[in-house]
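Form predicted on its own, single chain, as structure tokens, below.
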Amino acid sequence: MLLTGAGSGIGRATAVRLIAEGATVFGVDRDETGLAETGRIAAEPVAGGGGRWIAHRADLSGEEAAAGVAAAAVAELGRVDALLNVAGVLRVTPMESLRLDDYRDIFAVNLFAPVVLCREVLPHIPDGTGVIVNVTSTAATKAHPWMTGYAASKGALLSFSISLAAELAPRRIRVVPVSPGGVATPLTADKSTYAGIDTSWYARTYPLWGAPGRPEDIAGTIVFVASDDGAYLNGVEVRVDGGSHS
């Protein structure tokens, strides 16, 4: 399995869960220290389950880099049974101070990298059993003020995923977008991310019990979707938000 964003948060939790269930995970992140920590956790007796961890440091913000990741994964794995696009960036983009470069930077990782990886990996995904899981966000369909760039990138990834699922149907390769709600990760916990905005609005994105989800909550859904148990899920958004957007 090729998994991006494996150095922290949802990506790390997904890697640990997969390895515990015996999968071989080619984990990609730009944070080498984060990748090493993921490998350490996955190797602990409580988590270890016979799987294999392969760390690969890369920045996915360029087309050549993303294509290089796909080539490296194929060279190591031979084929890619599941492509799990979890990597993402979050940036505040208030409209009055917006720079178009902000959008370009966000789209480079949140949309273009998954698109390139899908294109490059597709020849090596087996017909009939292969699956692509793209982590989108409830921001794709629900209001996230001051984060229009992030929301737009996730909305585009959601639309891309649904249409790609129809395109790949003749090969019986599933494509499923998974949309988390508020989740406690290093990405969302970084207070500098929210500089200059009123974060009280985002309290409504939490479930009724008032706390964000855990990375493990989303990882469990990703693993289910990518497994044989999720074999009848295709081309439909799977929202994992604790009911906060019901």
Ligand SMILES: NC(=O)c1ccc[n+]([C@@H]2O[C@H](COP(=O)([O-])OP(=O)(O)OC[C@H]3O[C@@H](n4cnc5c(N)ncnc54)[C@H](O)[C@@H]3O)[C@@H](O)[C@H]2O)c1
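Note that this is a predicted model, so its numbers are computed, not measured. We number the residues from 1 along the sequence you see.
Only in words, not in the display: the form predicted together with this ligand, which the text now covers.
- Residue 154 belongs to the set of residues with a heavy atom inside 4.5 Å of this ligand in the model of the complex.
- Contact check for residue 10: a heavy atom falls within 4.5 Å of this ligand in the model of the complex.
- Contact between residue 183 and this ligand in the model of the complex is found at the 4.5 Å heavy atom cutoff.
- This ligand in the model of the complex comes within 4.5 Å of a heavy atom belonging to residue 88.
- The contact with this ligand in the model of the complex, taken as any heavy atom within 4.5 Å, belongs to 31 out of 31, 216, 37, 63.
- Residue-level contacts in the model of the complex: of 92, 173, 109, 162, one residue has a heavy atom within 4.5 Å of this ligand, and it is 109.
- Contact with this ligand, judged by heavy atoms within 4.5 Å in the model of the complex, is confined among 72 to 80, 116 to 124, 96 to 104, 131 to 139 to 131 to 139.
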